[in-house]
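The chain below stands alone and is given as C-alpha cells, in the form predicted on its own.
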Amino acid sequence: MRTDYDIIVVGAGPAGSMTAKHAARKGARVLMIEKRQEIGAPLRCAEGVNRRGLEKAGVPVDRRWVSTDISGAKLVSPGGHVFRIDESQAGNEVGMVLERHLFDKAMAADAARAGAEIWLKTAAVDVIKEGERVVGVKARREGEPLRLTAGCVVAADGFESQVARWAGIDTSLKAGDITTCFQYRMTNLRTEPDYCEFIIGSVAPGGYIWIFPKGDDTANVGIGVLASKLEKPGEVKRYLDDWIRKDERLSCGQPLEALAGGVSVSPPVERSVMDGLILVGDSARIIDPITGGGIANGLLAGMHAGNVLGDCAQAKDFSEEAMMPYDKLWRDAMEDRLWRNWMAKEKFLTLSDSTLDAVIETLSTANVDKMSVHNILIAIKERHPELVREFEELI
C-alpha cells in the first residue's frame, strides 16, 4: 500500500531533525511536523552542550549558533566550597553555550537540505493504527484536520510523549523523576564571563542553580528543583529569586527573558520501538538524570534512528524487528550511563548540605582530570565509597 510518506517525524527539536536528515539522506520520503510557528522557540533550555557530543553525532560546530565558548566550570557546595575545572579539562561536559533557537533552525535546515519536508503550525492529535501497528497520524495544520499515513511515525515530541501514549506506550512520570525549571536571561551581571557554574544543595532541592555565560555581562541564570520537593508550582521561581537577591554578583543584574518548563530525570524508557513507531530524544527519556542535559544524546540517537529508518524504507519494512537495531545502538551508546546517573541522583537526594560540602571539598583536592559525571563519581568512590556503594559496579 502506498503511504503519504515513509516516515513522519513529530517534533522539530534536535533529535527529530537529526532523524529526518539521516533518513532522507538514504532516500526515504520524510515529513517533519512542528506544532509551533517557529522552530527553536520559545526557548526551553539552559543551552549548554559539550563538543564531544556534537562530534559523536557528526555535527560540525558553526559559529553562527555558538553564543560563548566555555573556559571552565565550577561546582559550588552549600557552604561555598568550589570545585573548579579549567579549560583543558572542562570541555568533556560543558564546552559551549548555544543560541538554541539558531541551533535548532540549523539542524532543521540540514534535514531540509537532505530532502525532508517540514510543516510548521501542524500539531499531531492522535496516531492512526491498524491493529497494533501505527500507520500514521491525525493532525491539525493551521487549524484544518488531516490524516497522514506513513510506514513509521517518529515520536520526537518530548519527555511525556503524547504520540507514544496514543500508540500504547506509557510515558507517565512520577514527581521524583521530573525537575521543574525556571530561568532568566540576565544582563549587567558580575559573574565570570566564560565559566559555567553549578550551585548544589538545599538552595535547589533535588537539583541545582546554574549560571551559563552568554557573553560579556549576560548569562542564563536558572534553577531546577525536583517536582516532588515543591509544594506549589510557583515555588521554583521563589527559590531562584531568593538566591539572586543574596548573590551580589547577580542582584545587580536585570532580566531580559524569563522561561519555565520541565525536564525528565528518569531512567530511559523500557520500550523505544514498536511496529510503525520509534521514540527518539526526550521521548525516549535519554536526558541525563544528573545534569538534565539532553542535546548531545538526542543528536546521537537521532542519527542512529535516521540511519536505521533509511534502511527500513529501502526494505519497505517498518516492523518492530526491523527497527530494533536502533534500540540496540542507542542503548549500547548510553543506557548504562543513564542508569548510573539516575542511581547517583537518587543517592544525592539523601545527602545533607554538610555532606555535600565534604564531597565538594574532597573533589577540590582530588585529581579529576576531566569534568564529567563519570570522573567525579570515580573521585567520590575513592574518598567516600559509602556514597556510591549501591551503583559502584556501573562506575
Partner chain sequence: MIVNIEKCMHCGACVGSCPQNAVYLNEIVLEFNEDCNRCGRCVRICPVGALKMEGKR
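Residue numbers count along the first chain shown, from 1. Just so you know, these numbers come straight off a predicted model, no measurement behind them.
We do not show the form predicted in complex with its partner chain, though everything after this point is about it.
Figure note: of the listed segments 96-104, 287-295, 271-279, 226-234, the one touching its partner chain in the predicted complex, with heavy atoms no more than 4.5 Å away, is 226-234. With the partner omitted from this view, the residue of Lys246, Lys316, Arg140, Arg113 that lies near its partner chain in the predicted complex is Arg140 [heavy atom within 4.5 Å]. Put simply, of Pro205, Gly261, Gly72, Pro267 only one has a heavy atom within 4.5 Å of its partner chain in the predicted complex, and it is Gly261. Contact check for Gln37, Arg44 and Lys121: all three have a heavy atom within 4.5 Å of its partner chain in the predicted complex. In the predicted complex, its partner chain sits within 4.5 Å of a heavy atom belonging to Thr180. Though the partner is left out of this view, Arg147 does not reach within 4.5 Å of its partner chain in the predicted complex, counting heavy atoms only. Its partner chain is not shown here, but in the predicted complex it comes within 4.5 Å of a heavy atom of Trp166. In the predicted complex, at least one heavy atom of Phe159 sits within 4.5 Å of a heavy atom of its partner chain.
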